[in-house]
Structure formats: structure tokens, C-alpha cells
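We begin with a single chain expressed as C-alpha cells, specifically the form predicted on its own.
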Amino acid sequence: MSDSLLHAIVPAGGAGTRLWPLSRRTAPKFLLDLTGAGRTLLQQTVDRLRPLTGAGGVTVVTGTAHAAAVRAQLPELAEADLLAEPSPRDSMAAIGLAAAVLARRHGDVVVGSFAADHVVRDTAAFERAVREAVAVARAGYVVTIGIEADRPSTAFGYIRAGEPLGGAGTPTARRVVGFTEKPDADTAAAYLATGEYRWNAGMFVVRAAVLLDHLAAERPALHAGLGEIADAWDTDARQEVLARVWPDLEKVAIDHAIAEPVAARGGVAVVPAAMGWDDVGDFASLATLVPPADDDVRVLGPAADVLTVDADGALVVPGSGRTVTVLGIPDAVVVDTPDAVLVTTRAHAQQVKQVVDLLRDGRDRLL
């Protein structure tokens, strides 16, 4: 049994299509420095987890295509702590595999899943929330961290909090009444007015045995497949078992497989937190993370390559060596890369995914 407070699982996947042409198949957003911090989102994620896990307490799950890049960015990560998936099977398979492998190595440890491509500006608040979540998880709950909603966003799912759990060391934890998918604007505003709802950031903390027992009850075939792979992971049979079992695993998110049905039975708790969280879901979100210049223009990259006039609120990402000029377009978004240029506005940021869909028809080289 490990004596670490927490064994963190970092799923490092997703294409980040709304951040095209910065985020690509070969360089998804978790491998990029999108905040100008000098550290990629993946590196920042591991940095804030280290005080909670200690050395050897972080396991990264990523696709085989990105395994080499992850190793290059995290040279301190032990080889055994990088799990490479042959293909994407959604979050339940990734998190479930890591939990099963960790259970076989360390016993019934507390595991926590934290996406590799999110930003947290208040790391002290993050640590407090995770420590409380660990205390609640030890009592047998699946625990999620609910982000304080500062606006009626339609881009996130919501968690409805019920009565306080009570108990020593868990002052803010509440039982989860239910989860809701991304609502429309009116519904989101109504949620916020009640004071009962938090954003769902997809952070889950739970004892490994509890997670795997819930998976066995809710998705027995997926549980059996992941168990077979985990049994073989640290043996010479890994590749044979992976090739045979992995492609047929159910593709499902942990929210649908575990969180929602277990919450309906009273087995999920939420720890609310205000930590300056952002999922960097599009360029409008990214614009809030890049510090503005004196003229309220945000530049991610060489500022000397950018000229703006009457472009308050613009986000400019120079990346080709050319001079980028924005004239008279407030809230513009201009992303210049060597092989593609995106010109849009912050109001249209969510629609960048539609451009990516169009590129699939004959322009795959740009994806």
C-alpha cells in the first residue's frame, strides 16, 4: 500500500479543435504553452499536482502518437508512469485502466483524475479542494470538484449540490443531487440563481477499489476488459493483450459510466472551489488568460510581430515570422501559422470547430 496522499491520473488526450490552427493532431493543446508561462498545459498540470502526490505519484495516460512528446516534456516521469493507449476509447477507459494498474501496484489507494489541458490560476485553492476531496473519498464516496460558476455559461456541464456531508476535515463537501449536460442560456442563469450549481470540470477523486467496484456494477464488460489489460500491463504479455482487448472496449465518458448513476444512489459528493479554473476551450477563453497590453490587445507570441490600431480586446497569435496587422476590428482573433491563418472574432470562437470539420474534406494535412 502506498503512503502517498493521492495518486494522480492525468488523461492527456483530445484534439482541441476549437483552438485550430494552434492545436493540431500532432500538437494538441495539452502539449502547448497557451498562457505564455513558459510551461505547457501538461507541464503546468503536473507541476500543481506534485505537492499533493510527491515523486512517482503522477500517472499520465495518452495516445501512442503523443507518448514520445509527453516523455520529452516530462523527463522526470518514470517509464512505468506513462500509459500509452493504442486508440482513444474516451475517459472511462483511460481513467479505469490507470486505476486498475495502480490498484495492482499499490493497493486500494486514493486516485484523482485531472485533465492535462486545463488552467488553474489559484493553486492554493486547488490544493485545499483536492485535500478535502481525498478525505471524503476515503469514506467511500466518488468525489468531484465543483467549480464556482461566475457566469451562466452554456459551455460546461453543471453539478447540483445537495445537503452537507458533515464530518471532520470535510467542511464544504456536499452530496451531489445530479449532473446536467450543457444547458441553454436561460437554464444556466436559472441554475446560478439557486446557488446550488457548480461547473463540472471533470475532476474526480475516489479510492481505486471503489471506482473499480462501481465500474463492475455499471459496465461489467468494460471492467472485465480493463482488468485483463491491467493484469498483463507489467508483464511481457502487455502488447498481445492490449491488441486483442482494447479495440473492443466500450467508448464512454466517466460521467456517464460512473458519476451519473452513482450520484442517483447517493454515492457522489462535491467539494466546491473557486480556483481560477479554465478549460481553455476556445479562443475567447484563451483571450482571458493572456495578459493584455496597454491597448487591451492580447498577444501570444513575439509582440514585435504585431501591429494593431482600434482593435481593443483583440487576440493575436503570431507564429510565422510575418508581421500581423489588425485595423479597426475590436475583439478580433488572428492566428498566423506557417501553413494556415485563422481570422475570426471572440464572439465566434465556439464555431472554429466548424472550420475543422470542413478541413476534413480534402485538407487533412492541416488538421
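Predicted model only: the values in this text are computed from it and were never measured. From 1 onward, residues are counted along the sequence shown.
Below: the form predicted together with a further copy of the same chain, not depicted.
For the chain shown alone, Ala67 is not a contact residue for a further copy of the same chain in the model of the complex, no non-hydrogen atom being within 4.5 angstroms. Although the partner is absent here, Arg50 lies well away from a further copy of the same chain in the model of the complex, with no heavy atom inside 4.5 Å. Although the partner is absent from this view, Thr323 contacts a further copy of the same chain in the model of the complex, with a non-hydrogen atom inside 4.5 angstroms. At the 4.5 Å threshold, heavy atoms of Asp339 reach a further copy of the same chain in the model of the complex. The partner is not drawn, yet in the model of the complex one stretch among 301-309, 27-35, 40-48, 53-61 has residues with heavy atoms inside 4.5 Å of a further copy of the same chain: 301-309.
Remark: all three candidate residues (Val343, Gln354 and Leu359) come within 4.5 Å of a further copy of the same chain in the model of the complex, counting heavy atoms only.
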